[in-house]
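Given as structure tokens, the chain that follows is alone and in the form predicted alone.
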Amino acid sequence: MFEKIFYEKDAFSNPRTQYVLNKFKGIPHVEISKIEDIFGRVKKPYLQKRTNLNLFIGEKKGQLVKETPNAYGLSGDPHYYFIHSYNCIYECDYCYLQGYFHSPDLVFFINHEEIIEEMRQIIKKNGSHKTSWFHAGEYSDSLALSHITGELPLYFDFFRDLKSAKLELRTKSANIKELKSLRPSKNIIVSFSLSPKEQIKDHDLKTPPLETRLKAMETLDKLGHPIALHLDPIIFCDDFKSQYEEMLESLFKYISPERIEYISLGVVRFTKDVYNQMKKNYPSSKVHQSELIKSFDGKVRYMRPMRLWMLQTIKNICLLYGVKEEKLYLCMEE
């Protein structure tokens, strides 16, 4: 998987660092002072992740838990994301990470106790009258490499007894090995990003097929883990309505609408820099087949009437299958 593994000298004795290094004994291990000395120092093309991928292990400095943008999650509660890793093994052609870091190399942060302590302080500050939401998966997939990083039991132990906080694990992965060994908790939600099977083939490169993700959802649901969905990003194509009808019909054969905690709906969107990078990396992507414009928040999107029509179309399909309207929300929209 990796050409080299770089680890911070001060992190070498940490059991998590040792665990990862032992997983990859045959790969060169290189001691460094700080991740920032090498990672992203010289710009590395995003598509080099296909042939030349390195791993960095160390401690995250600075702010570890940050407030999310508006319309990131269910309204009414404060939402935060925490930074436990950089970059992803998958290669979705619309991914904003291709224009965010100067390198596609992976970074594992191992100071999870410090992350949890920041969460504890936020929960204390917000008080018991608010539900503080914490989201994993902002800069990486929260499950794809969880069998290597090994941090999930620590977060389950912290959140399991909290009444005024929730944890969301966002993923496109079907890697549920670690979750199958953990006792479910009502306030720890596994949320799967789904697209129709045709769009997964076109855009979600290297990710598990739709049916594989649906089977993983079904397994977790039967074990008692709360499940949520992100139908995001929605990308237009001539038969997008029938594609989503087919996908949702398949979905509800694996898990009933009543069992789903919530569903977010979001249309594909880019910052200007990410969009320019995406055009360079994937010039033949079907994303470019429809007109995109600079939108209300400076992001590049479909025109507003088209976005709202697409969102309403899929919302109506969800309602027809019995999803309660209060379980649906629009992600990153006005």
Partner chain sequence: MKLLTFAHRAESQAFLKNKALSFKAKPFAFEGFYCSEKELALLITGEGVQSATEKLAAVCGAYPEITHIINMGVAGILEDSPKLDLNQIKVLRTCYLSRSEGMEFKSFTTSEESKNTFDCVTSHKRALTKEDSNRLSPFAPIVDRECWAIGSVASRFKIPFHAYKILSDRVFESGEVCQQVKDKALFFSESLLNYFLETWSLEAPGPIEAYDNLEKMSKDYSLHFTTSHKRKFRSLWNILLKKYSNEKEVLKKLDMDCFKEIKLSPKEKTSFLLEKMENLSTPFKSELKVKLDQSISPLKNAKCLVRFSENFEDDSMELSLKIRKEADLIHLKKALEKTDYKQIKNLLNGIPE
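Positions refer to the first chain, counted from 1. The shown structure was predicted, so the numbers you read here are calculated from the model rather than taken from an experiment.
Form predicted together with the partner chain: not shown, discussed below.
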- Message: Counting only non-hydrogen atoms and a 4.5 Å threshold, tell me whether Val42, Phe296 and Leu308 all contact the partner chain in the model of the complex.
- Response: yes
- Task: With the partner chain left out of view, choose which of Gln48, Ser33, Asn276, Gln63 has a non-hydrogen atom within 4.5 angstroms of it in the model of the complex.
- Result: Gln48
- Of the residues Tyr96, Phe159, Phe236, Tyr90, which one places a heavy atom within 4.5 Å of the partner chain in the model of the complex? Phe236
- Heavy atom of Val300 within 4.5 Å of the partner chain in the model of the complex: no
- Going by a heavy atom distance of 4.5 Å, is Pro283 a contact of the partner chain in the model of the complex? yes
- Query: So in the model of the complex, does any heavy atom of Thr313 sit within 4.5 Å of the partner chain?
  - Reply: yes
- Item | Proximity of Asn52 to the partner chain in the model of the complex, heavy atoms at 4.5 Å | yes
- Members of 93-108 lying within 4.5 angstroms of the partner chain, judged by heavy atom, in the model of the complex: His102
